[in-house]
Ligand code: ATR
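In the form predicted on its own, a lone chain appears below as structure tokens.
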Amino acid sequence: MPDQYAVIGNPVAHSRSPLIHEAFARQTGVDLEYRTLLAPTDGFTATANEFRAGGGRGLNVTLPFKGEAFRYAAFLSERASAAQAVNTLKFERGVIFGDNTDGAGLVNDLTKNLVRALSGQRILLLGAGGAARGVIDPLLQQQPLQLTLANRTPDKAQSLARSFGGAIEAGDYDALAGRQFDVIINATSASLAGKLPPLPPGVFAPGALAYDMMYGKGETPFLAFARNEGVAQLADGLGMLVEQAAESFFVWRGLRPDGAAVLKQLRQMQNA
């Protein structure tokens, strides 16, 4: 019987994770089945326990359960502890291990697929929620010149910055006026609502990269703004999705699949 994996969330039917992991399995010759697992909003633990009791080997965790998965895991990776969220659960020898591969997925997409070195760069991260928290530590490990958080509520950004020991600066969007950044990453949910974070004009440095964690058909308002500002290198979060999945596959199987090949396939489907 193939090893069983799934992505758990609510909603979850739209997830591309089954397609991605089935492609990884074909690449690596691993015999597995991967499906979506819809859990009631108040039923994450019961659903995860049922999957595990049925022989499930691992789960990817998507909204709104990453915080619950963090509390569900008996053992945590350093990056899950830093993110205070889990998107990957591994069930092995009776142990529940929790990891967070979101930050690794973002960094791998930036540095490998987009060939953008982050060392010495001025990075601006928009938002102070879970998506931002999950990528801060991996970004800091790339040794940028500076990492700045901007959020509509500056107190929330400053509180998040303090939790990382003062290695980053934080404030509101007004504080960005007159400053420029080499890499700007949108980790807010504004794109889901068709809205734009209130960035001042001129915030992109020459040769900057604009990156939106959201993805889908068409350009997000953030990327459209960046294009109008003259930014040539634009990217959505589809590569991050594939690369965090590749990192999860590595956590589960000890094999690192080729994310770039699967990303190319998804781009073709996206643009069809």
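The first residue of the shown sequence is 1; numbering continues from there. A quick note: this is a predicted structure, and the numbers were derived from the prediction, not measured.
Absent from the display: the form predicted together with this ligand. The rest refers to it.
Scanning K112, R179, R71, K195 against this ligand in the predicted bound form with a 4.5 Å heavy atom cut-off leaves one residue, K195. Among R116, K90, K156, R122, the residue placing a heavy atom within 4.5 Å of this ligand in the predicted bound form is K156. You can rule out all but one of 186-194, 162-170, 96-104, 136-144: in the predicted bound form, only 186-194 has residues with a heavy atom within 4.5 Å of this ligand. The closest heavy atom approach of P200 to this ligand in the predicted bound form falls outside 4.5 Å. Proximity of A131 to this ligand in the predicted bound form falls within the 4.5 Å heavy atom cutoff.
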